[in-house]
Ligand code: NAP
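Okay, here we've got a single chain as structure tokens, the form predicted alone, with questions on binding and movement later.
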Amino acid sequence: MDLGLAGRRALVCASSKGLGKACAVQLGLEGVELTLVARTASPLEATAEEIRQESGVAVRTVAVDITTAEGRDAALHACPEPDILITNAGGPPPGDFRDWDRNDWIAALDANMLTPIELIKATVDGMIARKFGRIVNITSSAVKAPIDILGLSNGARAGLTGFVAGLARKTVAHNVTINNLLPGPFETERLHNTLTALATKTGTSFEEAYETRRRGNPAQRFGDPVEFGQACAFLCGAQSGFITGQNLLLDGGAFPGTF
């Protein structure tokens, strides 16, 4: 399927690796000009060069902390009129809510709620004026099924989800959609780091922790980041203008509910 995206411009956050990179790669294959953002320059530029070689599209890189006002200004200066915005940030650390203070909560809100909102605020009116816009927020399956040790993430991402639910109904009449992608366990560096920490905590090997988690998923495997990127690209496509305010769960069937 041709998604009708050739020549569009996308700003993709946290895109040097993991699921952000997967989204950028698939958009590049659809002919989208990319501006990639991440904190560290070297892996970011390596990803950009990989995409250039694979798809031939123009790729800019901006090595900044997108959770700061200065970082957002730099990213938007490099890509002032994106047709596509992919918001993404690493999740806050797990733990017991009794150990978190106000600074912990503010950091989580800045990264996983307020930064996406600020980026949407800076770009959505231009999308409305041009009669095309696709905003996709990478959140977490924990929005659908909260995990007790991920309280910071649960709270911050749920706040973003509530905000999007209201705004998405206002922008869709102008062919500007806003949706959320909720990943479960995908084969990424972050998953491996989490399983390594779990193995250390429980006194097992990484291999044992990996297999236990894998077998615990109805799909009997972890997600392939390529699958995630393709889902993102579809939501950004010209054919997806009737989908807005939705939370697309990609978790291999782990969530046991009907809705």
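Position 1 is the first residue in the sequence shown; the rest follow in order. What you are looking at is a predicted structure, and each value in this text was computed from that prediction instead of being measured.
This next part talks about the form predicted in complex with this ligand, which is not shown.
Trainee: Select from the listed residues Leu195, Leu29, Val59, Val64 the one whose heavy atoms reach within 4.5 Å of this ligand in the model of the complex.
Mentor: Looking at Leu195, Leu29, Val59, Val64 one by one, just Val64 meets the 4.5 Å heavy-atom criterion.
Trainee: Using heavy atoms only and a 4.5 Å cut-off, determine which of Gly155, Gly90, Pro80, Gly95 is in contact with this ligand in the model of the complex.
Mentor: When this ligand is considered in the model of the complex, the option within 4.5 Å is Gly90.
Trainee: Choose from 38-46, 199-207, 51-59, 229-237 the stretch whose residues reach within 4.5 Å of this ligand in the model of the complex, heavy atoms counted.
Mentor: Among the listed stretches, the partner-contacting one is 38-46.
Trainee: Please determine whether Thr244 contacts this ligand in the model of the complex, using a 4.5 Å cut-off between heavy atoms.
Mentor: Close contact is absent here: in the model of the complex, Thr244 is far from this ligand, nothing within 4.5 Å, heavy atoms only.
Trainee: Would Pro183 count as a contact of this ligand in the model of the complex, using a 4.5 angstroms cut-off between non-hydrogen atoms?
Mentor: It does: once this ligand is placed as it appears in the model of the complex, Pro183 has a heavy atom within 4.5 Å of it.
Trainee: Do Asp148 and this ligand come within 4.5 Å of each other in the model of the complex, heavy atoms counted?
Mentor: Close contact is absent here: in the model of the complex, Asp148 is far from this ligand, nothing within 4.5 Å, heavy atoms only.
Trainee: Using a 4.5 angstroms cut-off on non-hydrogen atoms, would Arg190 count as touching this ligand in the model of the complex?
Mentor: Contact with this ligand, yes.
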